[in-house]
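In the form predicted alone, a lone chain appears below as structure tokens.
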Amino acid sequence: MTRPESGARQLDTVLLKVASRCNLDCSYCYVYHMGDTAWRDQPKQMSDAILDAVARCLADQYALQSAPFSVVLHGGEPLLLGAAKLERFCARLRDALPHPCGIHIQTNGALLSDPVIDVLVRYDVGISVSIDGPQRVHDRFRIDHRGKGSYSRVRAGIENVTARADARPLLAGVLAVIDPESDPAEVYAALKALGAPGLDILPRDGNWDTLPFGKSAPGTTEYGRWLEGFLDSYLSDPEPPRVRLLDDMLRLVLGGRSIKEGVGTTDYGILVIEPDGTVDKNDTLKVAGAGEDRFGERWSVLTDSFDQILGSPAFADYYRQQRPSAAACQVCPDLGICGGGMVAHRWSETRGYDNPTIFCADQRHLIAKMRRLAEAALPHAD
């Protein structure tokens, strides 16, 4: 929700980096392949001592704020913890954060074995799996450290979840990164066939200095046209899953509100906790350059409370940064829907974040399509 300034003290999501390494080597990954090497200085896994400090901070924050928040086990690949350590982590987190606070895991899915799934079921941990579509699309970029595609392992992991009646409700969705050279109808069909109730789609990362893969110039609409094709498949499906990005944008076109960052003008309190306990900004800011996801002051769960961090001027600046500052955005009729896009996608060396998103033309192309569809569907007075 859009909040007054005091709302900056509210926490919405904590990304808990329990592992700094990954069993895959996806060529587009912003953690390992966009110039920031901070992961090399992190321990391979979060220790039990850091976890205990995290849990105390989370419990204290939940006691202070009226609204629940979510914790997402993230990485690297969080399932590199293994089933036994994952159990300790989930037990400690669930003890600190009872329902309605959510605990989730974002995984590449290749390690979703039955012992791991048993743990996720036991502690009611929602599962989101990264998979980019059919095998030939997925394996183009989502490879392992030997250069081999990961699709068969990821698909097997998802099937391990969907085959179990106790685990199936935990599969919140699948997350795909867009290859603008792929067929959106084919990708939609492949993602839907996985049986997850929700789909999410993200553009490839980039900015004004380093254009996203497949985008030939700032003003071109390769991603907008791909998303238009995906939208056509979605709207023509008589039994569609949820598609978070499209659902959010369509709600905004119709005067509603979004539920996740990236579109609209809703603001979110997001913090990242690194394996060594350091507290950082949203790690997608790595796309803008090495160190862009770090606060000027070094905070740690070992020495600082979330309340202290959320009430600081540095966090207030980071929170306000979600709103675009570019003059073109301020007068744009689509700002309430686009929201300026992800902050990292606005970056340029000359103007910092004072730009529209590099996907501005793509967003406006898709929004125009949605507006035409909404206008055609609404009744008109004679």
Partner chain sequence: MRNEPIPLPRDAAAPARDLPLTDSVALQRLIAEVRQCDASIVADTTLYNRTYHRHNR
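Here the structure is a predicted model, which means the values were calculated and not measured. Numbering follows the first chain given and starts at 1.
The discussion below concerns the form predicted in complex with the partner chain, not included here.
- At a distance of at most 4.5 angstroms from the partner chain in the model of the complex, all three residues 202, 236 and 345 contribute at least one non-hydrogen atom.
- Although the partner is absent here, residue 102 sits close enough that one of its heavy atoms falls within 4.5 Å of the partner chain in the model of the complex.
- When the partner chain is considered in the model of the complex, residue 115 lies well away from it, no heavy atom lying within 4.5 Å.
- Residue 175 belongs to the set of residues with a heavy atom inside 4.5 Å of the partner chain in the model of the complex.
- Contact check for residue 254: a non-hydrogen atom falls within 4.5 Å of the partner chain in the model of the complex.
- The partner is absent here, but in the model of the complex a heavy atom of 326, alone among 53, 38, 326, 64, sits within 4.5 Å of the partner chain.
- The listed set 179, 247, 280, 292 contains one residue whose heavy atoms approach the partner chain in the model of the complex to within 4.5 Å, identified as 247.
- In summary, the region of this chain contacting the partner chain in the model of the complex, judged by heavy atoms within 4.5 Å and restricted to 306-314, 293-301, 154-162, 222-230, corresponds to 222-230.
- Residues of 359-373 placing a heavy atom within 4.5 Å of the partner chain in the model of the complex, in sequence order: 360, 361, 364, 365, 368, 369, 372, 373.
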